[in-house]
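Provided below as structure tokens are two forms of one protein chain, presented individually as structure 1 and structure 2.
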Structure 1
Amino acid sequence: MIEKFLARIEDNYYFHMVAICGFLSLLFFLLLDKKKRRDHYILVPFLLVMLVNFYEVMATFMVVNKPINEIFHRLLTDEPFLGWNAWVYNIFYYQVSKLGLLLLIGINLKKALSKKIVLILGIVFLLYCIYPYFSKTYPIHGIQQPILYFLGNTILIIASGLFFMDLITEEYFIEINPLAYLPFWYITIIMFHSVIVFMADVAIEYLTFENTRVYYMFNLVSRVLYVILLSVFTFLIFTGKNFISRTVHT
């Protein structure tokens, strides 16, 4: 089993990069003092790095260990088991991680109205995520969930837009150099990622079966951006603060 798993990830450079970020993040996080570990500006990015590591390992494991995959599949649906691991990504990437990223953007907002909008977006998205489990409208084990993918990216684009609005209007940001402010960079990457993969995610079913070259191209772009995002998170955990400069901001 382990040989199969290792063979599966051997040429997967994205997996290697994610694992490196995960290992370094864990190391730097453990080296931080307790107060900083509890700081949500550090804790949320750390949990997101761990989440990506978790679902990437799980997704690969589900491909090499079909019996366990089938057990999970049976828990989620009565439809025939095809050996796919799409449900791992549907739950952890398209639902949990999108909510996590939304939370991360939310904690960086300063305007009360912006925070409220993000909270409402989060609740709407969460309700929509829970709905298919009970209604069986969209099978969670498949890739036919265009509305879920559309909503996931839309909430992140709106939340990122709200952050930029805050950046140019709020008093808190007036003394801050955005180029030395790590949340500015990771929210920019989140927005880039969401915008670029928006159409590809919505049309994932078509691309997967009809145009695999385009699918792989978007997949590559998405992976590159995600590695950059995880690297920024790792750097943030390493520095233990939101700023690249030595100046201490509170």
Structure 2
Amino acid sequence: MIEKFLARIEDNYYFHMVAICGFLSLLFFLLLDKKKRRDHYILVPFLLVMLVNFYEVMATFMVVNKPINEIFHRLLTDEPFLGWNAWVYNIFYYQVSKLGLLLLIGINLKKALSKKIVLILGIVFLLYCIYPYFSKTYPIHGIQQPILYFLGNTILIIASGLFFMDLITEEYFIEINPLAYLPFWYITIIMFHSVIVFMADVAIEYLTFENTRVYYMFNLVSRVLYVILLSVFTFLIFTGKNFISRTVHT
């Protein structure tokens, strides 16, 4: 079993980079004092890095361990087991991580109206997340979840836009250098990643059947952006603050 698992990840460089970020983030987080570990500006990015590592390991494990995969499959549906691990990504990537990223953007907003909009987006998305567990059209174990993909990316694009509106209107942001502000960088990456994935999902049928080269390009860019995002989170945990510079901010 271990040999099969290692064989699956041997040439998976994305998995390797995610694992490196996970190991370093855990190490840096443990080296922080207790006060900083409880700081949501650090805790949420740390939990997101751990979440990505968890579902990547779990998704690979489900491929090599069919009996365990089938047990989870039976808990989710009565349909025949086909050996897919799509449910892992549908739950932990397309649902949990999207909500986590939305939360991260929300805690960086300053305007009360922007925070309320993000809260409403989160509630709407959370309510929809319940639907695939009972749906026959788009079951949670299915390989295609177009509405879930659309909503997950859309809420992050909207929330990112609200952050940038705050960035140019709120006094707090006007007084700082955005280039030295780590949330500026990771929210920018979240927005670009969401836009890339959104465009790929909209044209998924054309790309997978008519232009696979472009499909693989979208997939590669998406993965590179996600590794960069995790790297920024890791750096934030290492520094223990939102700013690259030594200037102290709250």
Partner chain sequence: MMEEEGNQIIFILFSGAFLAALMATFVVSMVILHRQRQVHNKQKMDQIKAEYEKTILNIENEIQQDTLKHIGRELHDNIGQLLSLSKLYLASSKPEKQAEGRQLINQIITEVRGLSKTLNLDWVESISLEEFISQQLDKIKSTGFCEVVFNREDENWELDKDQKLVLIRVIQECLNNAIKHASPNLIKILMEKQEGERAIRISDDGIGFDTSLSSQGSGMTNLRKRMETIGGNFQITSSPGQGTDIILSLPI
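Every residue number counts along structure 1's sequence, beginning with 1. By rigid core we mean the largest C-alpha set that fits within 1.5 Å across both forms. Please read these numbers as outputs of a predicted model, since none were measured by experiment.
Undergrad: Between the pair I just shared, point out the form predicted on its own.
TA: Here the form predicted on its own corresponds to structure 2.
Undergrad: Superposing on the rigid core, I want to see if Asp39 changes position between structure 1 and structure 2 - specifically a Cα shift of 2 Å or more.
TA: No; that C-alpha moves by less than 2 Å between structure 1 and structure 2.
Undergrad: After superposition on the rigid core, does the Cα atom of Ala203 shift by at least 2 Å between structure 1 and structure 2?
TA: Yes.
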